[in-house]
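One chain is shown next in structure tokens, namely the form predicted alone.
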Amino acid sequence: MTGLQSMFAPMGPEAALIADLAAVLFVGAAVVLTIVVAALWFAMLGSSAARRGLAAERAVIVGGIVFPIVALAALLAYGLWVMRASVASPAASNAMRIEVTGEQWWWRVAYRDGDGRRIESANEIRIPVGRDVVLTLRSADVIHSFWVPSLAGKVDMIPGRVNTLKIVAKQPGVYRGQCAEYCGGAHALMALEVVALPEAEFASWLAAEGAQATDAAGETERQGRELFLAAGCGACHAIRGTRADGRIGPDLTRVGARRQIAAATLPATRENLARFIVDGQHLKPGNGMPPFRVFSAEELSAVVAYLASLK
């Protein structure tokens, strides 16, 4: 209940409101259940006078009509009152804006630097701590739903429409999210991470993220780069500063610096990179990348070394 992906561990004002609302609703439901169980007990085991009282017309009207209306109306009013602040609160003037597009079955993430230049990443959102972040949510194919329980409620991503969500992280950390709307076979493997960094650290990260890919440092990495390009990987993936400019799959310019691969379903280790290149359909059935079994063991090691060096 208080793990990496839990609404009971709120780390932002939006999530705190939802946690408070949930607590009140659970308490209200417990009170209603207690009253119902008590009435059932008296109806079955109570005295004759108690049973006649429960069967009377007044008891039916009060317990069966008035009480449900009053209880549900009170809970609804409380919910609207609690969430009004979320709806009415505008984003701060210095709010950061990030575009997030749901695709089967991964997340395309795009930032804008100070010059308005688009910086693309995937499956990981980095944000500055304590600063309003407005997420522009889109879908490229079917209905998805963006949900990071520790930071905010879920918002649907609907083809042809643009929705927004404001999030704020109160402290540094890693907050796991998930697509919350069934979107096809690999839906359960469509996760993401929000990484909250101190403002200065975030600024440094964004500056590095916007730069071109680092040059291949060694002979193995250079060989891996040439194999990557020769195999046609650049038709689907982009690596800034190289001939790879594909738009179908995730941008790999900084893939070596990411914590996870395959939409936050596997740790970003060299072993997992190799496994996904060779047999990604086994690890994540239905994903858009075909298995690349054309590489020898030495060639695969070189490609992985090159990708791991992209930081």
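Numbering starts at 1 and runs along the sequence shown. This one's a predicted model, so the numbers in the text were calculated from it and none came from an experiment.
This protein has a second form, the form predicted together with heme C, left out of what is shown; the following refers to that one.
**Student:** Candidate spot Gln5, Ala19 and Trp147, all three in 4.5 Å heavy atom range of heme C in the predicted bound form?
**Tutor:** Not a single listed residue reaches heme C in the predicted bound form, so no.
**Student:** Spot the stretch among 47 to 55, 250 to 258, 32 to 40, 61 to 69 with residues whose non-hydrogen atoms come within 4.5 Å of heme C in the predicted bound form.
**Tutor:** Heavy-atom contact with the partner occurs in 250 to 258.
**Student:** Given that the partner is absent here, does Pro159 sit within 4.5 Å of heme C in the predicted bound form, heavy atoms only?
**Tutor:** Pro159: no contact with heme C in the predicted bound form.
**Student:** Any of the heavy atoms of Val24 lying within 4.5 Å of heme C in the predicted bound form?
**Tutor:** Answer no; every heavy atom of Val24 is more than 4.5 Å from heme C in the predicted bound form.
**Student:** Quick one: is Ala244 in contact with heme C in the predicted bound form, heavy atoms, 4.5 Å cut-off?
**Tutor:** No - in the predicted bound form, heavy atoms of Ala244 and heme C never come within 4.5 Å of each other.
**Student:** Quick one: does Ile127 come within 4.5 Å of heme C in the predicted bound form, counting heavy atoms only?
**Tutor:** Ile127 lies outside the contact set for heme C.
**Student:** Can you tell me which bits of 286 to 311 touch heme C in the predicted bound form, meaning any heavy atom within 4.5 Å?
**Tutor:** Heavy-atom contacts within 4.5 Å come from Asn287, Gly288, Met289, Pro290, Phe292, Phe295, Val303, Leu307.
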